[in-house]
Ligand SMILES: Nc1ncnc2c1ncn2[C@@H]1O[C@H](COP(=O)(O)OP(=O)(O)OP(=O)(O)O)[C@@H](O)[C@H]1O
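In structure tokens, one chain follows: the form predicted alone.
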């Protein structure tokens, strides 16, 4: 009398296996009444609080062996119909990142789940910087349904650069051309967090947990992601998916790189030291507003699973490109120019949330709307700057300061006087740019006139850059952050039981 219904429940099932009973099990509890029980076990995703997922199981039994086999076959066929689920994965493990736990985390927590879900894997233990990136240019990428990186944000960046670069190379696209329309990557990337910083995982899943991330990969989730390309003088530098930071966050990274022996604690030390230095930098930002987006940085609409703003913004951007043509649009679109003295210039493609800053640098930033939020923190007192930083840890509006400006943009450029003589051709706008120099104050003890750009945790050599956002250039094994629901623990099992 049971009927299989609700494919949404099937999507939460990990595997179905026949259950074998030994003599001891048959003589205990509910099995004692049955002469020869036949059963199968369903392994499924159990949603817990704070976006945590776990693998749970429930066993169904009956006296009819044929009926039991029918159920097993029917469920396995339904799982086979889930075409979004990966069957073959390429896995890169960084054994040195974070607390050097990547290999152990994968072998103990992730590999058994992949095996349960009948996912085949080719595992590569990286031996040096850019090992994964270089390898992605050589492997037969078409045999895989996805690429998994085990590590932190640095490991993800390496895999991302390898995949995007491989796609452009295979398509004959010149990455050094800042206006080149890049080819989208259809191969999804999975992130198993095991690094010092796991900002990208936290901002796209809602929690830093290897098991949760592995289960998102198994069920075949897909989350498009915007990617920003960074150029200097018609030369490609980097791709960015989270933070491009100049001034405060650039100085923190530059200082922390000298103290890697301290481990993750180096960020706290360098952050405190940079805050006391209180350097500001003078320069000019030129940007194109993202007029195709529905939201704004100051609204309260956070990016969540199935985000309406991302979907509609992507559609409107595609329509604009179709009607006017990308090249013509770039030339005609109005540029806004802002000169000033800045403590920090931040451009984020996502909220950049983390456990210490649950709302992130820009709480309403969207993962896939084809824009970045440009945050300009002007010169202010040390006390006011501290007030701004503290806002990242609470629920107050962090943009509600007279010295903070925020814009939603689709491209921007930064130039400085120190580089202007040699780099005047970085921008085609033609307006002369302001200079950049460190605060002339004896208390700052400054011996450098330049900050550096922090690009997803890596430094850029050039201060003058040109940035453009590429809408949904790549995809993750994720679904965005889900809305919290009460009673999720009980709902998961009851849904599976109702199905059967």
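Positions refer to the first chain, counted from 1. Note that the structure is a prediction, hence the values are computed from the model and not measured.
Absent from the display: the form predicted together with this ligand. The rest refers to it.
Only one of 154, 178, 224, 165 comes within 4.5 Å of this ligand in the model of the complex through a heavy atom, and that residue is 154.
Checking 138, 127, 323, 334 against this ligand in the model of the complex, a heavy atom within 4.5 Å turns up for just one residue: 127. Taking non-hydrogen atoms only, residue 401 never approaches this ligand to within 4.5 angstroms in the model of the complex. Looking at residue 57, you'd find every heavy atom of it more than 4.5 angstroms from this ligand in the model of the complex.
Using a 4.5 angstroms threshold between heavy atoms, residue 308 stays clear of this ligand in the model of the complex. At the 4.5 Å threshold, heavy atoms of residue 94 reach this ligand in the model of the complex. Judged against this ligand in the model of the complex with a 4.5 angstroms heavy atom cut-off, the residues 158, 196 and 266 are in contact without exception.
Picking from 114 to 122, 300 to 308, 228 to 236, 146 to 154 the stretch near this ligand in the model of the complex, with a 4.5 Å limit on heavy atoms, gives 146 to 154. For the stretch 456 to 478, the set of residues having any non-hydrogen atom within 4.5 angstroms of this ligand in the model of the complex comprises only 458.
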